[in-house]
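Next up: a single chain in structure tokens, the form predicted on its own.
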């Protein structure tokens, strides 16, 4: 089934229910959703696009950007969301690789995309600004507001999401209609979404977290979005009294805790706080619970599979873990061909209806990433607890082999983060003539924290094996992060190699 049809199958019963409210109070109903996605689908197909053609968008967050995505799904087209931070060189690669028939960009990027060959006959080029204006909006004005949703099979392509290129050429994960429909249904059920829910949406919409996880369960439940252009702690605090659910990256929760106005009374009515896209520090997890009485639900997902595991809605939400496999999804942890025992780290492999169809135009890479018996190798390293909770130890590419020993950065980071005066840390490996790789730590002190390299190393030597103790500890003001809050360890490795914090 077409995923759009699946998500909106109850739309006829709720046409006047509010679907989305912007930060400045503009409200769109579910009837508006139907009309706006119909216009987008009509306009795109009117340009000659057919099932499977790609539509690329590098645009600021707006209701119209969301309608563009859903309209593309409705028309049977493959949507290609592009991070607004991408620059010319990256964009050239994505355009050449995906060959979109339509590109929608911010007005200030139009000349860049035109120079890259858009608007040349191969691809139509349109603009869309943060307010929903631009040439794309002008085109929609004359488009039909009724559209017969294109039938699709579960295995048909819905979205291409390019994964990080920090370890080489970026790969386009081919996400199908069946992938996003099944995952959305599981999340709506497991996280107990109903039509009474109001989700505070402060995430970007070029990423799985904001585009899939925070949108699809809302559609299925007939719930409402408070749709803010970006995260702002003050604006979030003002909006929370009208919300029941919030999803965010750890940085958002850290910033909320820094606000005196973020109180237990403010969020007493809230039903659920969800964190993902990056590890949630244990002190943030504990501090949030102490301040608010709410326990953040942490989960685990990725571009290639949507959501994979989740801490339980009912039952213990355990800090430092990502819970249990979601219904219908299988997870195993292996060292080579051997299943790992609880407490033993290994590669995380997954199987289920949420797992993508493969990498766009990379059949050899696709084969490499799947086992002979059909499990996808996530590239993450994890371990089970004795009672079945999964913890993420790190990325396989982040594994440090020092003097022949395997060193998992997460283990060391947890010990460093427990040192008084440490706000957060990140551990990487850098080439070393004797050890192969040397463990190097970057540490952010708390405000007023009195830390020094020798003192941190001395404390670590009393707590962990010597081969795990960093050879260098570099104090920094902050850790480099991408738009979703993930620490950019490739940047840290470059800094460490130059010995420049």
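The shown structure was predicted, so the numbers you read here are calculated from the model rather than taken from an experiment. Just so we're on the same page, rigid core means the largest C-alpha set that superposes within 1.5 Å between forms. Residue numbers count along the first chain shown, from 1.
Quick note: we don't show the form predicted in complex with malonyl-coenzyme A, though the next part is all about it.
A.B. asks: So which of 293, 342, 241, 403 gets a non-hydrogen atom within 4.5 Å of malonyl-coenzyme A in the model of the complex?
C.D. replies: Checking each option against malonyl-coenzyme A in the model of the complex, the one that comes within 4.5 Å is 403.
A.B. asks: Counting any non-hydrogen atom inside 4.5 Å, which residue from 181, 105, 208, 218 sits next to malonyl-coenzyme A in the model of the complex?
C.D. replies: If I apply the 4.5 Å criterion carefully, the residue I get is 208.
A.B. asks: I need the one stretch from 243 to 251, 284 to 292, 138 to 146, 219 to 227 whose residues put non-hydrogen atoms within 4.5 angstroms of malonyl-coenzyme A in the model of the complex.
C.D. replies: One stretch meets the cut-off, namely 243 to 251.
A.B. asks: Check residue 354 for me: does it contact malonyl-coenzyme A in the model of the complex (non-hydrogen atoms, 4.5 angstroms)?
C.D. replies: Flag for residue 354 set to no.
A.B. asks: Answer for residue 358 alone: is it within 4.5 Å of malonyl-coenzyme A in the model of the complex, judged on heavy atom distances?
C.D. replies: No, residue 358 stays farther than 4.5 Å from malonyl-coenzyme A in the model of the complex.
A.B. asks: Although the partner isn't part of this model, could you tell me whether residue 302 comes within 4.5 Å of malonyl-coenzyme A in the model of the complex, counting any heavy atom of the residue?
C.D. replies: Heavy-atom contact with malonyl-coenzyme A at 4.5 Å: present for residue 302.
A.B. asks: For residue 255, is any heavy atom within 4.5 Å of malonyl-coenzyme A in the model of the complex, or not?
C.D. replies: Output for residue 255 is yes: heavy atoms within 4.5 Å of malonyl-coenzyme A.
A.B. asks: Using a 4.5 Å cut-off on any heavy atom, which residues of 2 to 19 would contact malonyl-coenzyme A in the model of the complex?
C.D. replies: Residues within 4.5 Å: none in this stretch.
A.B. asks: Comparing between this form and the one not shown on the rigid core: C-alpha of residue 384 shifted by 2 Å or more?
C.D. replies: Comparing the forms between this form and the one not shown, which are aligned on their rigid core, residue 384 does not shift its C-alpha by 2 Å or more.
A.B. asks: Could you tell me whether the Cα atom of residue 460 shifts by at least 2 Å between this form and the one not shown after core superposition?
C.D. replies: Yes, because once the rigid core is superposed, the C-alpha of residue 460 moves 2 Å or more between this form and the one not shown.
A.B. asks: Relative to what's shown here, the Cα pair residue 276 and residue 400 differs by 3 Å or more in the model of the complex. Does it come closer or drift farther?
C.D. replies: Closer together, which means the C-alphas of residue 276 and residue 400 are at least 3 Å nearer in the model of the complex.
A.B. asks: Please check whether, in the model of the complex, the CA atoms of residue 369 and residue 407 lie closer or farther apart than here, given a change of 3 Å or more.
C.D. replies: The answer is closer, because the C-alphas of residue 369 and residue 407 approach each other in the model of the complex by 3 Å or more.
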